[in-house]
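This document opens with one chain alone, in structure tokens, the form predicted on its own.
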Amino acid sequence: MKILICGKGGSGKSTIASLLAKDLETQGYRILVVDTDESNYGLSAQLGLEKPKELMDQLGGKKTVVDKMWAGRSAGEKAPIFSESWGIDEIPSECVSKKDNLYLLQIGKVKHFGEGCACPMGGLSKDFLTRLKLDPKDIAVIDTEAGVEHLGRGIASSVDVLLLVLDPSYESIRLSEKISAMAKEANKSVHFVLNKMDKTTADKISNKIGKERVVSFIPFSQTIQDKGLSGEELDTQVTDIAELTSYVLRTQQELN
């Protein structure tokens, strides 16, 4: 199963991705966290893993990837970057940081002033996720950049579950409407994780966005904020995400 985590900047996407991945691992699953956010540098620290070599660099860098993507331009479409499918064990070892059954892959980051847009990372993310084949006890948790660009690039086309993280803001509510509409165009459904809010606020937001699609409510945690500020590893003891994990496991069973 492939789970895509999306939402506005600062809503807690990477935090939810990290906690969910860690909790799912305790349930006996092998978890691949795929970092498709070209500007977030903190996910590896949250997971307690070393930063691996980026897949973009493994393939020769941005220019090489762009050249390969446009190799089929004369035929009117971009060429696929990969020619065959692969599982977690086939990913180049340099591109994977792991501890027990928790794995991290990073697609690529914007590193230099004036280097150009992040579109090649988006194309690489889409092709990688399309070609990624998972065993029944494998789950991929995909952390995305803020907003809707990953949907515009079609990255969500090959995922099974879309989870939208909302914080207590009007912007999150409006974004939930836009992402839901775009997901519908891709024949995907979206479920909501309400994060960093009290129960009263969560109830108000649930009534606005449709409480039947809310799968988890996670209150604000000072401990998580402090760990995030210091770049410490997160663990599942800092907040209760059992409700979210249960939803994912039910969905996994249905897909299998």
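None of the values given here were measured: they were computed from a predicted structure. We number the residues from 1 along the sequence you see.
Not pictured, yet referred to below: the form predicted in complex with a small molecule.
Contact here is defined as any heavy atom lying within 4.5 Å of the small molecule in the model of the complex, and by that definition not a single one of G28, I88 and K137 is a contact residue. Residue-level contacts in the model of the complex: of V110, I173, C119, A146, one residue has a heavy atom within 4.5 Å of the small molecule, and it is A146. None of T64, S206, Q225, Q58 but one reaches within 4.5 angstroms of the small molecule in the model of the complex through a heavy atom, and that residue is Q225. Remark: of stretches 48-56, 32-40, 207-215, 185-193, the one touching the small molecule in the model of the complex is 32-40 (heavy atom within 4.5 Å). Contact annotation for S221: at least one heavy atom lies within 4.5 Å of the small molecule in the model of the complex. The small molecule is not shown here, but in the model of the complex it comes within 4.5 Å of a heavy atom of K8. The closest heavy atom approach of S14 to the small molecule in the model of the complex falls within 4.5 Å.
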